[in-house]
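Have a look below at one chain only, the form predicted alone, in structure tokens format.
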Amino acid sequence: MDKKNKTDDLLKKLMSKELKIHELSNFVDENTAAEVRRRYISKKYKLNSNSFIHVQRASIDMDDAAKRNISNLIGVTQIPLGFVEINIKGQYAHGQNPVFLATTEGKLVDGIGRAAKALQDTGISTRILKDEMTRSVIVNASSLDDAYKIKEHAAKNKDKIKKYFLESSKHLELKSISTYVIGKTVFIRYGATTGSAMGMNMITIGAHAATLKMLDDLKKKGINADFFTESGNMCIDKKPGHINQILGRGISISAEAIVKKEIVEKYFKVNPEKIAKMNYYKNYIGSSLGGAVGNNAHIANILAAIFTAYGQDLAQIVDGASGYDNIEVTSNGDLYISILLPALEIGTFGGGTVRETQKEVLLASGVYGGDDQKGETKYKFAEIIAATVLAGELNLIAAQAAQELSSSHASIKRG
């Protein structure tokens, strides 16, 4: 049977429900399966024959993507990719660095670039504060007394539990164990380093296996408890959470810069005092009244563009964007700005980083972690992100202080 007859036959079977959509890959390669799925959608929902003319234009390895990244694949979505250059004074990122941003927001790259130019001479200093991906599990004991004994056991046997983690992956090093008891229920929050990987799957597997072995140890002491779930939401993953702001998750990082008063006025057309005042009223008074987790102008905007370009887990923008801006006027009238990202969950290997365009971007920034056993590419990437966030925050707050926000957006082509 030739290709056209074969795809026609598969389409008929889909329409008649004789074949399920996800089963197509059992009969044809993924490019062909994607073609049949597009035809199925167009026929079933009576779409124009040109509905997916751009979606089907993919340069990625469709078979590999279907195995690693997605189900029911029909093609790709493409987002414009731009870049800025930022001078970074970090532990891992040094000097001028290209930063790539994938976005459809017309002025985002331009705005970050303006602040990067203003910060060119002084540079942006960055420091990694902590590296701990977390996962919380739930264990149900038979009583409050046994729950408390589990808490004590976890605290006294960290080294043993650490070995259990390493048995699941040589890259998974346990750093902390925190337990929270409510009646007979125990929430155990593990924190571990995960090499160059973002590490969510790694620590989930490790936490599950280590907890089961710990429960076996407890059973020998006459303490019986059941493993209830691999994720008890005290991690906390892909949701705003104060615990991540306090204890951190993934990479916790801070960045700072000082901008001379004359540079501020040259690039932003406003004085440092107005920028500091805008930050106070907007990011602290306004955010507090609105009940925000974190105090910032638009960190999510910057992370969305970077995460998309570099193949990160987009849902974890929620955690990462709950950051903090601090802006002050120095004693000699210059502008001091710092940012804190307490929960930056990123990786330079695994997940979406393997996709072709994302891998090219990671390589261009010198942060692809394929051969990185220590996680240094991840740390460099974190410093690049933090510096870019600082530039983006400075630009937007300054634009609002100068009352340029609406006029800037008005200049974007519409429709």
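Each residue number is its position in the shown sequence, starting from 1. On a predicted model such as this, the values are computed, not experimentally measured, just so you know.
We do not show the form predicted together with another copy of the chain, though everything after this point is about it.
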- Task: Answer with one of Thr193, Thr122, Asn157, Asn140: the residue that has a non-hydrogen atom within 4.5 Å of another copy of the chain in the predicted complex.
- Result: Asn140
- Task: Find the only residue in Glu262, Asp216, Glu167, Asp145 having a heavy atom within 4.5 Å of another copy of the chain in the predicted complex.
- Result: Asp145
- Give a yes or no for Asp237: in the predicted complex, does one of its heavy atoms lie within 4.5 Å of a heavy atom belonging to another copy of the chain? yes
- Query: Though only this chain appears here, would Ser16 touch another copy of the chain in the predicted complex if you measure heavy atom gaps against 4.5 Å?
  - Reply: no
- Task: Tell me, yes or no, whether Asp63 is in contact with another copy of the chain in the predicted complex, where a contact means a heavy atom of each within 4.5 Å.
- Result: no
- Could you tell me if Asn31 has a non-hydrogen atom within 4.5 Å of another copy of the chain in the predicted complex? no
- Message: Pick out the residues of 265 to 288 whose heavy atoms come within 4.5 Å of another copy of the chain in the predicted complex.
- Response: Lys277, Met278, Asn279, Tyr280, Tyr281, Lys282, Asn283, Tyr284, Ile285, Gly286, Ser287, Ser288
